[in-house]
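Take a look at this single chain, the form predicted on its own, given in structure tokens.
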């Protein structure tokens, strides 16, 4: 009997680790592999942009949703990643994969530096620190024309190859972006279920209690900023070859607010929230273009009504509905 129990224990542990989020990510990737067929170049581009923005929102969701640290610098880190990749591939001739890793590593290091103020200031004061950093980065991207091209930007950004196959076409690059997004999402899925993820949650809920339980507040605060910033750098490294031309405007302070809106609208603290939030922020405005010049007003109204109805976001609303369905009736068993 003991041998049978020991034989079945690993499989049970595996089934606990492979949960609904994992299956949703894998199944969603399989569907998205074939969805763009017949959509046209622009429709495929929108889907690719959605996945790129989902990566940036994943990082911000880790910083805000799991660690509880408010940041308004996500678009700035995304810009740093995009310009790093563009400069390394166009000026120095470095391949995209090395540029991708260097973009993430650079943003990780900057995130560590920016995380130090988080050790001293909290709540909206921390948001002001990241706001100042975001403004500084945008000014550098706009004014240092010798490096970034200024308002003229950088063009002719090459797209990578994937196992010898070129990704110049819209469908090929979409599938390449899908693979990178799935890898990063599964890495974050593992991280959230590791002791790191539990430490981040403890840091968000009650830092004093977390410290009393042995959680190193200093280390995990810095890690939350650094990993979230690295994900923004990875998103920027994909954004640059996607659009093949970058200028400072997509990385302004307003873009950081928009990324924050995606986190809240999708569901802060839910791993699938970034995908839903980015879907609302990227794809929904395109679906609403049939309304003509008022599509942005319609989009803003939908988001406002959503946040009033459910501050926990779309995933929170789905969870509430699921719990309501599972709740037993008044005469049922507890």
Partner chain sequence: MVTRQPEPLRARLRLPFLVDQEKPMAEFLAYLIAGLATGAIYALAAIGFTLVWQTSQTINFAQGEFVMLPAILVLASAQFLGLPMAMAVLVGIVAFILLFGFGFKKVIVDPMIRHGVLPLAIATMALSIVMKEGAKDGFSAEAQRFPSFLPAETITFAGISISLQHVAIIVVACLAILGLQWFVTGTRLGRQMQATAQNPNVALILGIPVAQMVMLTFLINAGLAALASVLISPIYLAKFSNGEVIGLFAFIAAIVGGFNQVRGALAGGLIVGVIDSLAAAYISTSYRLAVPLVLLVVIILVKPEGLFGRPEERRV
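Keep in mind the model is a prediction, meaning the values are calculated, not measured. Positions refer to the first chain, counted from 1. Rigid core here is just the name for the largest C-alpha set that superposes within 1.5 Å across the two forms.
In what follows, reference is made to the form predicted together with its partner chain, a form of this protein that is not presented.
- Contact annotation: of the candidates 194, 254, 161, 206, the single residue with a non-hydrogen atom within 4.5 angstroms of its partner chain in the predicted complex is 254.
- Here is the short version: of 95, 143, 219, 90, the single residue with a heavy atom within 4.5 Å of its partner chain in the predicted complex is 143.
- None of 133 to 141, 175 to 183, 229 to 237, 95 to 103 except one has non-hydrogen atoms within 4.5 angstroms of its partner chain in the predicted complex; the exception is 133 to 141.
- At a distance of at most 4.5 angstroms from its partner chain in the predicted complex, all three residues 72, 129 and 264 contribute at least one non-hydrogen atom.
- Its partner chain is not drawn, but in the predicted complex it has a heavy atom within 4.5 Å of residue 308.
- Although the partner is absent here, residue 64 is a contact residue: one of its heavy atoms lies within 4.5 angstroms of its partner chain in the predicted complex.
- A residue is said to contact a partner when one of its heavy atoms sits within 4.5 Å of a partner heavy atom; residue 281 fails this definition for its partner chain in the predicted complex, lying far away.
- Looking at residue 269, you'd find every heavy atom of it more than 4.5 angstroms from its partner chain in the predicted complex.
- In the core-superposed comparison between this form and the one not shown, the C-alpha atom of residue 204 has shifted by at least 2 angstroms.
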